[in-house]
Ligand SMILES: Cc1cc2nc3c(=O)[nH]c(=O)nc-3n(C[C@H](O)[C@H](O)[C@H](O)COP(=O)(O)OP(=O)(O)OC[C@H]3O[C@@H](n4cnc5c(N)ncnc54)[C@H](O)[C@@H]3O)c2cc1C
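The chain below stands alone, shown as structure tokens; this is the form predicted alone.
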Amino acid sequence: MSKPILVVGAGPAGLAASHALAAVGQPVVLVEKERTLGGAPILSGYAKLVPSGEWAKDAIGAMVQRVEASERIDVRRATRITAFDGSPGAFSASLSDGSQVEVGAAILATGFTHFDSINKPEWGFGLFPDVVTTTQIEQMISSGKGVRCPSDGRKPKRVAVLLCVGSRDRQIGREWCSKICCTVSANIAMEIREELPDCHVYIYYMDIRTFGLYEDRFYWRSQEEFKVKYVKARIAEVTSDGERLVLKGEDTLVKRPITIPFDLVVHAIGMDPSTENPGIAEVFGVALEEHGHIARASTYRDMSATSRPGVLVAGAATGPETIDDSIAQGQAAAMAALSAAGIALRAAG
């Protein structure tokens, strides 16, 4: 077909969709609002990815290079879609750079937003410099400088990782599980122990959800090989005694209050809907589900479909998702987009 497919978002799902389309000879217009391609793994400086253990800069970086090298992919950086009209096979998209492109279908791979721990103030983020997020720990590791206490640069001897920060919490309107936080936290705990073997790492949890094959490779391995300690607890607050952070709460297995000092406290932050989803939904005429993610039309008929024919969706735009599954969904959306646009063209012909 002569008309390109529009892909919005150049994270793992969007990169995978663009490459899959280009690989079968289909032209693509890839629109990314940032100047850098790669989505959260690159923009947020992720370290080693779950489950492969590859560095994000290498694994996702290779996906970026593959897309940038393709003659069939027209990459538009620092650009947004301002209007989208038409029907499958004959859409018109207006871009913020003043251009307009005619496309056969569109794939929304617009990703997610990291939960802002400021919305959980009782756990110390924003009050104490040594309360950080998993994303900040990833940045410390990927920078090569190692895990340190931001307040004075010392190597921590005791680290607490608090799970479900911005997930499974109705009090702050985050009813969903963010799917990958338990596994990422176990992975980060092992990386801390590998770098700092004298550091004691504790993971405080409501439940552990290292789903599927991750259970053995991350949950059990982190305990048995890396001696990470897991504590089932309800955390009340994180304060400071003037020298160290103090974690207060209840060990819910033994029904006993706990007050424990730590050098570093890490929030395992969840995945929020993209803050731009309301605008995206308005421009593309698609529905959002109750929490604000882009709604799928019917998983069993076409897992990539939205409420608007010819507009597909992939990856964490639909809710919390792993990188591997986002890539798979991007490839599936590419085939669905070809089908949607191709059927419309044959009907018109």
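Position 1 is the first residue in the sequence shown; the rest follow in order. What you see is a predicted model; the values in this text were computed from it and never measured.
One more form of this protein should be noted, the form predicted in complex with the named molecule, which is absent from this view; the next part is about it.
Problem - Heavy atom within 4.5 Å of the named molecule in the model of the complex - the one residue of 289, 68, 302, 324 that qualifies - result: Looking at 289, 68, 302, 324 one by one, just 324 meets the 4.5 Å heavy-atom criterion.
Handout entry: residue 114, heavy atom within 4.5 angstroms of the named molecule in the model of the complex
Key = Flag for residue 114 set to yes.
Handout entry: Partner proximity in the model of the complex: residue 80 to the named molecule, non-hydrogen atom cutoff 4.5 Å
Key = Residue 80: yes, in contact with the named molecule in the model of the complex.
Exercise for the section: Indicate whether the named molecule has at least one heavy atom within 4.5 Å of a heavy atom of residue 312 in the model of the complex. Expected result: Result no; residue 312 lies far from the named molecule in the model of the complex.
Handout entry: Contact test in the model of the complex: residue 184 vs the named molecule, heavy atoms, 4.5 Å
Key = Contact with the named molecule, yes.
Exercise for the section: Could you tell me which of 87-95, 272-280, 245-253, 118-126 sits within 4.5 Å of the named molecule in the model of the complex, going by non-hydrogen atoms? Expected result: Looking at the partner contacts, the answer comes out as 272-280.
Practice task
Scan 3-24 and note down the residues that get a heavy atom within 4.5 Å of the named molecule in the model of the complex; none is a fine answer too.
Solution key: Contacting residues: 8, 9, 10, 11, 12, 13, 14.
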